[in-house]
Structures are given as C-alpha cells and as structure tokens.
Ligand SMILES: Cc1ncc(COP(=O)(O)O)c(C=O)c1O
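Coming up is one lone chain in structure tokens, specifically the form predicted alone.
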Amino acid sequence: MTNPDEGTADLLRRTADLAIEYRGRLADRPVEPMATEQQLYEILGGPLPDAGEEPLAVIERMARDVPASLMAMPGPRFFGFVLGGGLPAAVAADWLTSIWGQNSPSAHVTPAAAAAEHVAAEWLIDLFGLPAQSSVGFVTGGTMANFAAMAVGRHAVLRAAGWDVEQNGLQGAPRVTVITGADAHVTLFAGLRMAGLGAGTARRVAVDREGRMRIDALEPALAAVSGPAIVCLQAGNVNSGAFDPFEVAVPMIRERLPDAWIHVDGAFGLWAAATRSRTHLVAGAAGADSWSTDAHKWLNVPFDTGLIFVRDGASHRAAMSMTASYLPFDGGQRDPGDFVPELSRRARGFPVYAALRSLGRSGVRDMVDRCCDLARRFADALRAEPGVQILNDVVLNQVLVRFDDSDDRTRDVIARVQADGTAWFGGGTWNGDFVMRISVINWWTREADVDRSLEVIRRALHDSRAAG
C-alpha cells in the first residue's frame, strides 16, 4: 500500500529552502510589486485541471511566479501602513504552528496551545501594566479585537440594566449610547456594526489637531447620556500616533457614568507601555474595562494575531463562550475558545510566545523605542528640507509629511517614491490636507534604511519640482 505521506519530508525541506531564499532577497528587492494582480491571475488561472499536479511542482510554480506580485511588507523599508515584519522566532514558530495543526478552543483537547496562550497572556498583561486578573482573547486582528470589546461591553452595560442580550438580543433592549472620538479608527466602527450597535449611532466627540479627544467636548457628551453607555478612547491615532488624555478622561467617565464601559483601542499605541520614555502616553489607560491591540503590529508576529484584554473575565466569557454536547469544555481550565468569537482557529499563542520569549522585556522595549527614534529621524531630516512640512507632533512612530503645501505635489512625490522601489510610503488625508504617511514599526528597520529612504524622497521631490 502506498504511503500517502510519502515525499512530504522532501516537500517541506524544499519549501523551507524556497522560503529562506525569498527572505534572503527581501531587504534588497524592490518594495513595490513588480507585477499586477491581472498579470499573476493570467499566470495562475485557467480552468481547474481534472488531474492534480504533484505537490512539489505546485510549490515550485508558486515560488517562481508569485513573488513578483508581492509587496515587500516584511522588509525593512516598508513604511506604508502600521504593519510589523516577521520577527525570526515568530515566523519559525508560525511554521511549527501549521505543522502541529492544532485547532485550539479547548485546553482539554489542545493543552499545548492553551498553555502557550496562557503564558503569553500573563506576560502581555505585565508588559502593558493592565490589571493582573484580566482575561485575554487571541483573535485575528484589531477589527475582531474591537468587535469583541464592543460585544463584551454591550453585555456588561445591558446586564447592569437588567437585560440579557445574549439570550434576548437587542430588540426591545435599553438603548446603548456609544461615545467615541471623532477620529477613532475605522475598525472600531466595524466592531460597533457587527455588535448590532450601529456604526452611525456613535456620538463623536471633537478632537484637537493631533486627533486627541478634547476633554471640554467629552464632558457635555457624558452629561447628555442617560442609560447604558460605552465610551471608546484611543491609544495611538493611526495617522498622527496621538493618545487620548486617559488620566483626565477615565476618572471623568467613572464619575459621570459609573456603570459605563470604557474601552481603549490600542492597536499599536498600547505598546508604548513597554518603552523607557513613552509610558506617560498611556498613563491612566489601565483604568479602563477593555483594551485591544495587535501582535502583528509592534510585536512583529505573522498576521492573524490580535488581542483583546478584559478586566472582568466573567463578562468576557459570557459574551464570547459557546457550548455544545460534543465540545470538551469543563469550565475548570482556561479554554481559549471562551474569549474569542470563533471555534476553528489557529493556535495563535505559539508565535506570540516565541516572539516574547526571544525578545524578553528589554527586547520589546528596545524594539519599540528604536522604531520611535527612527520615526523622529525621518521627521527631523524632512523638516530641514525647504518646502517640506511635518504636520503632526511625532510622539510615537507616525510621521505625516506634506510637500510644497500642495496635494498634487505630495501625491506626485509619493508616486515617484513608490515607483523607485527602494521604499514604500502611502498617502492619506489629515485635517483636510493630503499627506505622506510614514509608519515605522518593523523590527528589521535600522538607521541605514531610513537614510536610504530619505534620499529617495529628496530625489523624488527634486524631480517632481523639475517636472513642474
């Protein structure tokens, strides 16, 4: 009888070699994709063959054809979005995670996955300075972390009002007022939409020019609330990197609305708690009820790892857990499935554990501090160039740049830099102006990468001006 697994070892070794070859070229290849989606579609596509190909041939074909259409996101000069690269230990652990193949909702069935999550969760709570008893859910990313927070907050405030939303739904329930900053991240509104609270119903509090919630606008917004409420604050504006004033806002909310649920969206900003010199940015944030962040941002683990922390583990379980006769949950262990919206899920704790173990407390601190210092290096160098404006206070890792006070010039410089391929920056709108966004969050990025990228920006600006 033929062994169905025959050849798998050779396939995996060859795949590892191909992956290592790709990563070895990553720092020097163009960051911008060299082929379009349509071009790759035409290479990969066609009718589904009746007979399958040998697995090794499939992998060889993918390794040959796909990379030209890849953005070099894990590389050291991708600054377009707030996305970390692949920390070596985390990437290796992610490979093992796929091989181990653990669906990880139950500590009874997958004790290894549960244990890794448990340890990583305790380490993260300590790093962030959150309440020691907080529960932690390992979700897919910031969107699902914010959704989970809204679902848990919805449960808690309606329970306090005498309503069981898990059993009775929202029809007939007391209305939940949601308060956010006017510049809250889009994933928060996606979470509100999926939780049935409505993205368009949130009361948006005015912010200052850095995107920070204004206390003088928050106070009347709180005074206008009667009944259940969720208030959402922000650690790290996705454009400016700014932080809401937690030390003032959290006590004010507690005083005005004692039963309100306070959530902090800290997708990347929560990691300021691990730094030497920027912990003041999150001072007071630990007084909230829930916090969300992304491990695939500053911890630099592979994608598919967001985190939701909740002060009250009972509310977390009540909103997220599910039961069935065939599910081996006994309530006496830390079942990862009790804290997330899905049952079928990767064992996300392994890469997070590996990243934290490989870095240690000082490694996390140094990585975050280094990225922030490199963002400052970008800002200081560009600010010195005639006609270049830095539009935000660079408190973390985000830099907003405008060229010749012109939307057209800024768009043209971005397009020229992207076409060059040395580095990649994106654009966006900030306070009505089109800007270049610089996000420095990759463990791999060093001063030389910043300096190479600065030269490309200067050259693009010169060429854009010369072209009129």
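Don't overthink the numbering: it's just position in the shown sequence, from 1. These numbers were taken from a predicted model, which means no experiment stands behind them.
Keep in mind that the form predicted together with the ligand is not shown, yet the notes after this line are about it.
- Just one of 141, 341, 74, 287 comes within 4.5 Å of the ligand in the predicted bound form, counting any heavy atom, and that one is 141.
- Contact with the ligand in the predicted bound form, defined as a heavy atom within 4.5 Å, holds for exactly one of 134, 106, 102, 187, namely 187.
- Proximity of residue 147 to the ligand in the predicted bound form falls outside the 4.5 Å heavy atom cutoff.
- The ligand in the predicted bound form comes within 4.5 Å of no heavy atom belonging to residue 351.
- Among heavy atoms of residue 234, some come within 4.5 Å of the ligand in the predicted bound form.
- When the ligand is considered in the predicted bound form, residue 294 lines it closely, a heavy atom lying within 4.5 Å.
- Partner contact region in the predicted bound form: 236-244, out of 319-327, 109-117, 189-197, 236-244, criterion any non-hydrogen atom within 4.5 Å of the ligand.
- Shown without its partner, the chain has no residue in segment 15-36 with a non-hydrogen atom within 4.5 angstroms of the ligand in the predicted bound form.
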